[in-house]
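Read the single chain below, which is given as structure tokens and is the form predicted alone.
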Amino acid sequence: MSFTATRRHWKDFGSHLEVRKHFLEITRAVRSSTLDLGRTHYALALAIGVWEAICCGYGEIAAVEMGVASGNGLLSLCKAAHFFRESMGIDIRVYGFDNATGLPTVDGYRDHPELWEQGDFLMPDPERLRRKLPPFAELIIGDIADTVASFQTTLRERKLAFAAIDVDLYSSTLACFQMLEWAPECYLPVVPFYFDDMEEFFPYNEWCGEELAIREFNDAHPRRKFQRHPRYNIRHFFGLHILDHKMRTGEERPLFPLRISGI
């Protein structure tokens, strides 16, 4: 059994109820495997981002994977983005960040040296991966601590609507979080996030790795907060709440209320 999506341009929805009905059909098809959009947790989280963007009236958005390695995740994200581009006409661009040389120096207990070592997850052939990417995707090679700064220009033009963090180390996660320091106009009011490296292995804990980076970020940012959203039943799913976004402060109104639930 396969799912055939009804094509509907994102500007043609007349109410939040119409948007909700459409997205519930899509997400249920993803969960039942009648619609194959690659990795389920990527597809569902991106669907929430697209749903929210439509309710906000944003037609240009960005989806990011930090830590690409072999490229399977990035290609999966492209598959989901292609579906929403083709079926709704929303302009999604996909960006993958990686140094192509594997994990950098593992620096102390917070980076889980009992699990990882420098050079793990080497990207075999960046140019071969680039050739597999669709025209709306870009692979950005270099130390994330250096390359992420230029991404601010991109997010001035399109809102961050989904990010997958798969960099394994506490120190590398902090480098990724540089992209969360910019003006609220760079983001959706709540940005869907997937974090790969938590819970799976027994040594994971809240004092190391991605969980520590999240906690420290929350402690340091009164109006930017990560919160886990387990009720959506999406693997390692968080929302980054941009509490200084104009739609959160009441300075602007969304096109439709952001009543996103039930997927």
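Each residue number is its position in the shown sequence, starting from 1. Given the structure is predicted, the values throughout are model-derived calculations rather than measurements.
There is another form of this protein, the form predicted in complex with a small molecule, and it is not shown here; the text below is about that form.
Contact with the small molecule, judged by heavy atoms within 4.5 Å in the predicted bound form, is confined among 67-75, 107-115, 151-159, 88-96 to 67-75. A residue is said to contact a partner when one of its heavy atoms sits within 4.5 Å of a partner heavy atom; P134 fails this definition for the small molecule in the predicted bound form, lying far away.
Under a 4.5 angstroms non-hydrogen atom cutoff, the small molecule in the predicted bound form lacks P184 among its neighbouring residues. Taking non-hydrogen atoms only, R39 approaches the small molecule to within 4.5 angstroms in the predicted bound form. Taking the partner from elsewhere, G142 is found to have a heavy atom lying within 4.5 Å of the small molecule in the predicted bound form. When the small molecule is considered in the predicted bound form, only one residue from L129, V190, L180, L103 comes within 4.5 Å through any heavy atom, namely L103.
The candidate spot formed by F23, T27 and I54 is out of contact with the small molecule in the predicted bound form: none of the three has a heavy atom within 4.5 Å.
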